[in-house]
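Shown next as structure tokens: one chain only, the form predicted alone.
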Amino acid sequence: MRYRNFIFTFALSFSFITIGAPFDSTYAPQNSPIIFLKNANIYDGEGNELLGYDLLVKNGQIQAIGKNLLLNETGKVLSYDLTNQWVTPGIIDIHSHMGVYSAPGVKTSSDGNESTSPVTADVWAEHSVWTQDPQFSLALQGGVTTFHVLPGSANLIGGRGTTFKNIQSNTIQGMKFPKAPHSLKMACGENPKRVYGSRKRAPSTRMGNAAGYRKAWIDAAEYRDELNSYVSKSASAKEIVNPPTRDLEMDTLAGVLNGEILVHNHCYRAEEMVVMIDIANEFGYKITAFHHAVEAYKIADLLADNNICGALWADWWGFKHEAYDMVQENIAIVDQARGGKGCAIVHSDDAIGIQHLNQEAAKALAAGNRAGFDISKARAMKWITLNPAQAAGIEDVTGSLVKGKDADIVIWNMDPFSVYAKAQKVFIDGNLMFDRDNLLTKPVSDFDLGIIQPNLSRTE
């Protein structure tokens, strides 16, 4: 899926649908200085390791990368000599619940699961996000510049997910990644049948889960066809026929069938992932990524053949039956499927794990190399940068250090695959958002003000 603005194809034809998507992003990057990074060691997110290179940022975008770049700029330039330091794209977490399961973790702010029906495609995670969540700042200090927030996994179909810039804003729209497509969260296995198994007319088995998905897609296909039929009518015919009644749940599912909303599917077991692929083929939609997927290694070639990413943990497993059959080489096997055509992603699904995704990638890389896979650090960097950008539908503008892309950049004090590595400086759209050498740059949410007093007398 490519970077696009989500606009219903039938938007102009219905009085009940506004032109463009509702709740559009209002984020606009601030004017950024010219930044010149000299003598840096770079993992560019495209699979390349560039030693002793320079990087130039102008107007919030990557302007040039090369050896011994000549600087011919007349404006103010922030120049950094990064000898023996490393530069990477900003880290992207494709599976986060920050904001919907915010800190402090109190029941009144537990807003990630709308556990009222097996299918709640009408809800949007962004409408639960708390903009003051202190977890955003902690993730930023770990190098995370972009994150995707999903509903939880209580439901067969849980609602829409949204991608955010890791910046401070008083509004949700002020954090939304401009023009990033929504996702649809679906869930297999134990969770939906556990949540709804005691209720009447709800799934209590995996076969009940599968039936529930198919019924929802049958309804969605009928809704889509009704809309398309109305759109195709002449103006005179429309005057005597009422337009279909708008349905928020069906709006989302029809968006998936039209290829405008990306499916992110919580699923652990190999055979269940194959069932979900079959259902997707039955109804003509595409699965973008399977999340958690501890058994993805068993069907890695099939995932590569279908261009489906595996958004995976490095070594989190065994906490329930369907998460038992894990191997630590899971990410490496998915990455190397079909001669290296696989799409592997290291995700967090955790407020602590999101703070050190570089270390999670390092663990997965070490496990793969021990198993005999020849995977470089430069390739493994894609697991937390370009590959999640692809799964979020924003790879055209972020996820790697390429001319013309957003200047989402992390400077590390050493090789980011070291357990001792720390993000020293974090830039979003060329603006310095965090500087470990200057704690005054550390973002503090309104909620934290007056509660946490930073020690400005020392550096960390």
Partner chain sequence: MNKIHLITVFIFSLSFTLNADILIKNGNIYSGDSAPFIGDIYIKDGKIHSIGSLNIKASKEIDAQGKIVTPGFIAPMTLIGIVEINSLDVTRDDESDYLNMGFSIFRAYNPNSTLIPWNRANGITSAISIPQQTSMPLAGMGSYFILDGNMNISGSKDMMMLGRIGASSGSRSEDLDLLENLISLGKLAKNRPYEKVIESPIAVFFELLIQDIEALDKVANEGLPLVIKTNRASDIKHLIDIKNKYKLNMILAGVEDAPIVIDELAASEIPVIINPMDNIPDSFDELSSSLELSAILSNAGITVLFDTSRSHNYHLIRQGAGNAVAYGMDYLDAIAGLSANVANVFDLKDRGSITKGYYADIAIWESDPLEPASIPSYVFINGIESDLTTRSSRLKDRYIKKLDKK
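Numbering follows the first chain given and starts at 1. Quick caveat: nothing in here was measured; it's all calculated off a predicted structure.
The form predicted together with its partner chain is left out here; the points below concern that form.
- Within 4.5 Å of its partner chain in the predicted bound form, a heavy atom is found for none of I157, A211 and A220.
- A single residue from the set K179, R224, K193, H356 has any heavy atom within 4.5 angstroms of its partner chain in the predicted bound form; that residue is H356.
- Interface residue among N48, S418, T26, N59, judged by heavy atoms within 4.5 Å of its partner chain in the predicted bound form: S418.
- Its partner chain in the predicted bound form is approached by V106, whose closest heavy atom lies within 4.5 angstroms of it.
- Contact between K363 and its partner chain in the predicted bound form is found at the 4.5 Å heavy atom cutoff.
- Taking the partner from elsewhere, K298 is found to have a heavy atom lying within 4.5 Å of its partner chain in the predicted bound form.
- The shortest heavy atom separation between K233 and its partner chain in the predicted bound form exceeds 4.5 Å.
- Residues of just one listed stretch (278-286, 257-265, 312-320, 113-121) have heavy atoms within 4.5 Å of its partner chain in the predicted bound form: 312-320.
- Scanning 325-345 for heavy atoms within 4.5 Å of its partner chain in the predicted bound form gives D325, M326, V327, Q328, E329, I333, Q336, A337 in sequence order.
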